[in-house]
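Let's start with one chain on its own, the form predicted on its own, as structure tokens.
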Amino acid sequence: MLREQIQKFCESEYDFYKREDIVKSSEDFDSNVWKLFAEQGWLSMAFSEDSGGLGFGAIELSILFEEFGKSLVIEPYLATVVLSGSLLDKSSYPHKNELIEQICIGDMHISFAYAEASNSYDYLSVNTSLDSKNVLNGTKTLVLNGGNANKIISTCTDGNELKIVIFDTNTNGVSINSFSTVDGQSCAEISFENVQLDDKNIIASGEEAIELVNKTINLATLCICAEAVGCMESCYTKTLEYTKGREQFGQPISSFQVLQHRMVDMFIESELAKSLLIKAMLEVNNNSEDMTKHVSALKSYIGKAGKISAQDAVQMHGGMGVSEEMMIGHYLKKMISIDALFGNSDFHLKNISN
């Protein structure tokens, strides 16, 4: 039922032309679409019932992102709900319920600043510092939706202890430089210069902070992999449809054996990715000890097979495949972006063996 609901919404309210209008506008997303997300209850899905949410888990989020991937939805669901919202939900922060309530009704955007330029994919190795007087200094990069956020959640270190803090984006000493990524998403580089905080800004410290970062990034990785699976399925179905309608030498090019073989390869890659996704989302949903390795296995496969599948789709569309007016080229951009986010294919392959 959830999948059908999302499919109907994307078909009626979020077609390719609607998406392109949003990408080309001065805004990074459509606030009216975001409000529709709230009305559908999608912004409440990821949160526990104790926090005012619907109490759904990794399975429902995977379904949502798989359908989002098919329509290339660019609204900041990953940044606000999955990264920031789920971190708050799993924390012991006393003010989390009022923040989550604002997220659920679509009135607040929060971004999680976890990455630093010098630390690659090691998100627990943090140079941003919080001193004994709660003064924050440092720089974060690739902050998803950072330019539109009302609040920022940031990792930092107090001595040798990891801490997670939250504060308003208009706090003195916070500077934000926004930019667009290759797939149309909005990111920001955020600098903190003598930002004065206090104890009420601290969400978590020590082991709790480490666990929150690891689980949040793992869930977000699962979600973008589900998004990639949706992209791969659409690449296959749209290429199949295109080759049946495109004629050469008096017959559809889908009858050419070499193209048939390549489309079979695309289908197999898509189905394998779906199988890995089902396994990973069940492990995350059950909070198993090996869930991180299962997500890494999925991400490693997606990183290579997903890009190959999208590249084949573009090539079989010919010159039209690289035009802005056709959706197929945008799937390739999305797959390139997904591979780089939260660790590329090679990084996660090493995670499996460790």
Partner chain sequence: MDINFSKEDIAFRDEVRDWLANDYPKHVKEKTDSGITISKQDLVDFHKALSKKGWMGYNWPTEYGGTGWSASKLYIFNKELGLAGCPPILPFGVGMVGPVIYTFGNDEQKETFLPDILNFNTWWCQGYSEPGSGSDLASLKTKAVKRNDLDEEYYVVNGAKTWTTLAQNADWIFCLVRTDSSGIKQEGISFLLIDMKSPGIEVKPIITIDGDHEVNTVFFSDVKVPAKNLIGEEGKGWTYAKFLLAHERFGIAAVGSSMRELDRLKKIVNDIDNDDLRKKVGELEVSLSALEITELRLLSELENGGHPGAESSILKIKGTEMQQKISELFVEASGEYALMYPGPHGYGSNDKPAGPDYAANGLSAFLNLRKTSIYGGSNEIQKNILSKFVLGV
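Positions refer to the first chain, counted from 1. As the structure is a prediction and not an experimental result, all values here were calculated from the model.
Beyond what is shown, the protein has a form predicted together with its partner chain; the following relates to that form.
Exactly one stretch in 166-174, 135-143, 201-209, 151-159 has heavy atoms within 4.5 Å of its partner chain in the model of the complex; which is it? Going through the listed ranges, the match is 135-143.
Check Q248 for me: does it contact its partner chain in the model of the complex (non-hydrogen atoms, 4.5 angstroms)? It does: once its partner chain is placed as it appears in the model of the complex, Q248 has a heavy atom within 4.5 Å of it.
Interface membership of V182, its partner chain in the model of the complex, 4.5 Å heavy atom rule: Residue-level check for V182: yes, a contact with its partner chain.
Using a 4.5 Å heavy atom cut-off, state whether K307 contacts its partner chain in the model of the complex. Output for K307 is yes: heavy atoms within 4.5 Å of its partner chain.
Spell out, yes or no, whether the shortest heavy atom distance between R262 and its partner chain in the model of the complex is within 4.5 Å. Although its partner chain is absent here, R262 would touch it in the model of the complex, with heavy atoms inside 4.5 Å.
Establish, in the model of the complex, whether I6, I74 and K90 all lie within 4.5 Å of its partner chain, using non-hydrogen atoms for the distance. Not one of the three qualifies.
Proximity to its partner chain in the model of the complex, single hit among D290, E39, E27, E324 (heavy atom within 4.5 Å): Among D290, E39, E27, E324, a heavy atom within 4.5 Å of its partner chain in the model of the complex occurs only for E324.
Looking at its partner chain in the model of the complex, which residues in 328-351 have at least one heavy atom within 4.5 Å of it? The stretch touches the partner through G329, L332, K333, I336, S337, A340, L341, N344, D346, L349, K350.
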